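Below, in structure tokens: the form predicted alone, a single chain.
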């Protein structure tokens, strides 16, 4: 299968590093013009330069805006009027016991992980429907199905993304626009790697041992028995964004390493 996204423009939110950057790179390698996003202009510029170096000849731009806010979403919409592919990757996570999660954290997680994607989809969906072609992808998580006891607020937002994605898909009936969710399992992004590095340092053990311990204790149903790579997640997203995925709509596609035991 050869995926050709030449002539398509893709916006990947929260894409200066990690899964988002890997998705942007995969889309650029498939020929799409890619727009990276992050909050800080300097970091966006650095990511743009890094992607151009990684994919010579790729058309890459950046937009610095905090999409966790309505103001930031408006700034992005003003600078990027139209896209063919929207990947709602922006997200945050933070382990915290349920009884210690204040209202402010619940609201912050919802604004960042859910409303950012809602605002972006609301902005770009109309033109996709007008052109009769488009792809919207929400990067959810296996935590949407297996709510993690160590971060209930995060799991809540990932479940909400599934509902939002499926609901939006219902408005694309009979068109060439699709809306799907992709559910990664534990993935070695920069943020996750840093998290395990801190845990390993505190426990006085190698990071690899800490990662293996986490999988064994907190994701014991994993069939992969390791963290996925960001590229493994990006491969699924690039496919979902392709013309070849035209019959996949309203779906929740797992790249979870088999953590989720049921098959539906």
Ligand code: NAD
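Here the structure is a predicted model, which is why all the values come from computation and not from measurement. Numbering follows the first chain given and starts at 1.
In what follows, reference is made to the form predicted together with the ligand, a form of this protein that is not presented.
- Look at 167-175, 98-106, 123-131, 84-92: in the predicted bound form, residues with non-hydrogen atoms within 4.5 angstroms of the ligand sit in 84-92.
- At the 4.5 Å threshold, heavy atoms of residue 191 reach the ligand in the predicted bound form.
- Taking the partner from the other structure, the ligand in the predicted bound form has a heavy atom within 4.5 Å of a heavy atom of residue 17.
- In the predicted bound form, the ligand lies within 4.5 Å of some heavy atom of residue 66.
- At the 4.5 Å threshold, heavy atoms of residue 158 reach the ligand in the predicted bound form.
- Among the residues 218, 52, 226, 43, the one placing a heavy atom within 4.5 Å of the ligand in the predicted bound form is 43.
- Of all the residues from 38-56, those having a non-hydrogen atom no more than 4.5 Å from the ligand in the predicted bound form are 38, 39, 43.
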